[in-house]
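In the block that follows, a single chain appears as structure tokens, in the form predicted on its own.
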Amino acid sequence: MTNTPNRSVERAFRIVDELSENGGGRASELAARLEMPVSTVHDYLQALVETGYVTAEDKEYRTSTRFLEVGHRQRHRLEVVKAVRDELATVADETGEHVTLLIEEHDQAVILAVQEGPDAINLFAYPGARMPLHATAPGKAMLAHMDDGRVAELVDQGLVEVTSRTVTDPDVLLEQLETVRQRGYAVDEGERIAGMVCIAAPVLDKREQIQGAICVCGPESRLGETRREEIAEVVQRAANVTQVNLDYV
């Protein structure tokens, strides 16, 4: 049995990732960055163009909006998206800040939905954006409710430093996760985005299994201790409503 088909799929997605991360490119540029023959890259690009996942104009290739269609369909199949309903908008109105719904996928926190309040700072967040679990409030909110063995596996992979405030000490992270479990929400202070404070509450189902997290982010200058406690109450309430809604999706 050969692994050639698997390698072909891997190469195709390496090319797609490279196009996505760099906003497009020519076959020769992609080949140089990926260290693959130009002819091979060209063949893959042509196949991707024919399937509609890549566009080509003046020998410049870019990912197409077909990926938006696929992602949109998958997002709406997820029960937590249906369960959150109007909660994100309510949280955004009450806090005035930037609100997101995230899930865990492939050991990362992934944004599913974004809502901006009237005072929100544009964080260029979008559905599908991925980030390290340990460096974000929603990631910690979800980690706190995962099995100890799963958390240990993730920690063993290494805690990458995103900013100077990112927690990279496993013992410190585990202490923080215990605090999250005790008080019901997580906080990160500039651990992923310098100058921003994020507060997140876990969304659990009726079996107490983690389904996602609702997060509010705002500048440190606006989110003092009192304000953080107020926002924590809002996100916890929204997470609770979402949990109840999950029973009826």
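Note that residue numbering begins at 1 and tracks the sequence as displayed. Only a predicted model underlies this, so the values are computations on that prediction, with no experimental measurement involved.
Quick note: we don't show the form predicted in complex with the DNA, though the next part is all about it.
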Problem set entry | Answer option from 40, 55, 65, 51, heavy atom within 4.5 Å of the DNA in the predicted bound form | 40
Exercise. So in the predicted bound form, are 185, 209 and 227 all sitting within 4.5 Å of the DNA, heavy atoms only?
Worked result: no
Seminar exercise, completed: Of the candidate stretches 195-203, 42-50, 216-224, 176-184, the one with residues having heavy atoms within 4.5 Å of the DNA in the predicted bound form is 42-50
For this session: Consider residue 33 of the chain shown here, and say whether it contacts the DNA in the predicted bound form, taking contact as heavy atoms within 4.5 Å.
Result: no
For this session: Find out whether any non-hydrogen atom of residue 11 is located within 4.5 angstroms of the DNA in the predicted bound form, and reply yes or no.
Result: yes
Problem set entry | Residues of 7-37 having any heavy atom within 4.5 Å of the DNA in the predicted bound form, listed in sequence order | 7, 8, 11, 26, 27, 28, 37
